[in-house]
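First structure 1, then structure 2: two forms of the same chain, each alone, as structure tokens.
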Structure 1
């Protein structure tokens, strides 16, 4: 990577008398401000992961004290063969893929609209980002009780009002969460994540160089062609960034599952974080939970590798600018 950061002047200002020692001292003076943050991060984030690795090789259930022993990779064998965990993996993929893709499409639509002038645009943007700002647990409870509730929720209430409007006695009483648990969770999360996608894409649209678009227009390109061949390629890295950051966060979804469905009915909406939580605090199988955690980390690293590459390309652009 080429950087255009100029060579430090301070070195030139003081010609070193004792090159070796001077330089070392200088280097450490420069590194010093970085160290507290670096050491703190290593201790608080890396050590637990090492501990997880170790625990994942133990047979350890706190309901059976004294039976803790090394068990090799058998927890991993369990993780890969257990029916519940396989369901959880599948649910995690379904949940993440649908939330990220739907909110990306909706976010793109909204960003294209908000990139234009219209009366009240500022207010519309403020209202639109609100779902992302509502506390996730509060949002999940709001959907569960105020919207999905079969007896007094907003959805059935609106249906009921519509039925009465057209002369019927009463609307249907649909138990949304029990009938279609996964869509219920997905809708609540899409509602929360669409503003995030919109914000990133809007930033991308507004970073679009105007002269290129102008040139396309002068050359007589149709609006559709301009969008397809100029705007969309320009947006690509913003779309990638949104998808990848969204994926990283949505894979970790815990609040919504815990609150809206508690993984149910059965294990229809149990995703990996919730399943690991259950293994840890309901079954007390620490070894299994740790092994599942390691598997999640490996999965995240795969996704993160792509995310880092995307961010690195944006980052490179900025640095070499």
Structure 2
């Protein structure tokens, strides 16, 4: 006789747990205090950028108010083919590369100096940081009038004093801004941005493991060998971070160019921000200026992406220690 075994009952699958109404309300209650800041950020940053995108597709000259019309991407084609804008791009590259590289080298030297213990180190650190705290326009005015001025500036005054010291009646009167426009702007910006590089590299030096340096010292490594094979590789990410952040900020330089040289003589120091200013407020071509501004923003976003990746890698390295 065959015994029938009853089939097992089907197990009823329970639906995945859904958060209840109370949990959802609790989440939104925690996020609600952040909404005003989010709305403010969107209104202040994203809406003007959207307006700039719209304007960049228009042929709009304020001197011809009745001729505003949609032109598509023709303003962007003009941005990439106009000779003045190509010159401005080249000047921007030269200015940015010069300021960032020189500031990085000087900042590294100052950071190595401040990493050592000596009397008055705190005061020296404070004084060296001061140029970075000066407002850009004030710093540019200081260099233009107090240092570069051919009649009463510090440079010509020092030269005249040296010439009189050696028996000459007067030294040469040099117009530094007219004769060396780009170097004049570069020096002023290097003076302002060197403390920024110094702070980043000093933070990297103070994060260096002391036991590694002590082991190298015990093994008889020289100071140069220690710097070359231990300190410099450790500072690589900090150097990359300083270069990327410095590039983002120096590319947007307008104050020094406008105050010291106003883009001249000719177009020797006209960079992209100043060229956009000229296109907007001298030529009154709103569409072309907006297109150039969008191109600059996209380039800055690309550089900022690499900067954020570098910062994230630094954080991961600190967490893994």
Partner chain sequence: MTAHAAVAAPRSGLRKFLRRKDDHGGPPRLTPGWTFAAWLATLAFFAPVAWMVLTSFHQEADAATNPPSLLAPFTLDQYELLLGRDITPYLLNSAMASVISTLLVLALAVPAAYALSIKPVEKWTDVMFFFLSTKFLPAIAALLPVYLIVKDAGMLDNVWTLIILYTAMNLPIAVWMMRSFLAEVPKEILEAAEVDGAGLPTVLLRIVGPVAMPGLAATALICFIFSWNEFLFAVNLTATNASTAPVFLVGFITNEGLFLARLCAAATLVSLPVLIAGWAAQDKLVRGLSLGAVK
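Take the two forms, superpose them, and find the largest set of C-alpha atoms that agree within 1.5 Å; that set is the rigid core. Keep in mind that this is a model prediction, so the values were computed, not measured. Numbering follows the first chain given and starts at 1.
Each structure shows the same chain on its own, and structure 2 is the form predicted alone. Superposition of the core reveals a Cα shift of 2 Å or more for residue 31 between structure 1 and structure 2.
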